[in-house]
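Given as structure tokens, the chain that follows is alone and in the form predicted on its own.
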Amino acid sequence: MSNLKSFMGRRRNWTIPYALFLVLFVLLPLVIIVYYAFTNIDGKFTLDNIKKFWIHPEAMQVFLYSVVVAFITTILCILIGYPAAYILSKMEQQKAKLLIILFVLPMWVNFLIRTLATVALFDFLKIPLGEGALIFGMVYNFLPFMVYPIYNILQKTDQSLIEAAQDLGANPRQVFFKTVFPLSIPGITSGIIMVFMPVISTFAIAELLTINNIKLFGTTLQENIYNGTWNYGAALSLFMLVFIGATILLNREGSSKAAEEGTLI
């Protein structure tokens, strides 16, 4: 009993459940993906799954199209979300909290339910489903993921930096573009990561809003897993993970440099 109390009394021992969780549900799945990606159906090492993606025109075209859709969605989310976040950051705290709740509230509803509601809305308005409906659905579903990170950064911005810029003779436009905007880059980066990557890998939204006429990269992954071609599906998943990791690293470096420039200007 004393040994148990001594064990539980050490703070570092409380990290063991979290370490086990990470091993079982993060590290182990990654190991399985890598194993299947570099093996064939007989379990032998091969690079055919990786080569198949690069030489398979359909998979590459779907991936490039998914990147374009994700890019358009992300740009629209920034154009809509940044002004909304900026206005919210300038409002009284109580009113801003209420409006933020309204922005975040749709996130409490499942993606599938929201997408089905969007389909019903388009049917009611007699608007044909297709590429336009896909972009609308993506922006509608992922816009809160862009608004909240930007608002969170803008709200925590050091007001003394803005006052210093004003004291040095900067007009409102210069204050925004040389101080406020560079300092908000980390929030934009977080929003981009939370919007761009999920859009590429999603499949339910594309299937419902285009009646299965438009395929995204997530749909390709789903089809390979459902059809039992786990090795090729794992290779596609591995490529997606590498792409996500590289994008996150590039975004972090860019956001840190932009934030530093904003504080020096």
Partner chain sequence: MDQKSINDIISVEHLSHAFGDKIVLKDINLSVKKGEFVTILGPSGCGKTTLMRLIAGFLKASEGKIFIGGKEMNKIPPHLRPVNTVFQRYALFPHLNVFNNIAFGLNLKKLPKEEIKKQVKQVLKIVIMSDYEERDVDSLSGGQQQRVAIARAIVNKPEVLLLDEPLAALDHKMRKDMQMEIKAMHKKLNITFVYITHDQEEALTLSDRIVVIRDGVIQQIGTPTEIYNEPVNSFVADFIGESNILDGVMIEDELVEFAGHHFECVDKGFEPNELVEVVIRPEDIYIFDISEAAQFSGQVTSSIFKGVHYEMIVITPEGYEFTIQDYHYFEPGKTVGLLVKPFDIQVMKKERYWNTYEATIVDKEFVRFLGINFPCDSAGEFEPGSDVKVKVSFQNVVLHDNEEDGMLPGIVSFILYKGNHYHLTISTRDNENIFVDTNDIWDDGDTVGISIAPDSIQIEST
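Because the structure is a prediction, the values reported are computed rather than measured. Residue numbers count along the first chain shown, from 1.
A second form of this protein, the form predicted together with its partner chain, is not displayed here; the remarks below concern that form.
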Using heavy atoms and a 4.5 Å limit, would one call T179 a contact residue for its partner chain in the predicted complex?
yes
Is A170 part of the interface with its partner chain in the predicted complex - any heavy atom within 4.5 Å?
yes
Wondering, does S160 line up within 4.5 Å of its partner chain in the predicted complex on heavy atoms?
yes
Can any non-hydrogen atom of L99 be found within 4.5 angstroms of its partner chain in the predicted complex?
no
Contact stretch among 122-130, 162-170, 106-114, 143-151 - heavy atom within 4.5 Å of its partner chain in the predicted complex:
162-170
Exactly one of I192, L183, V139, L88 has a non-hydrogen atom within 4.5 Å of its partner chain in the predicted complex; which residue is it?
L183
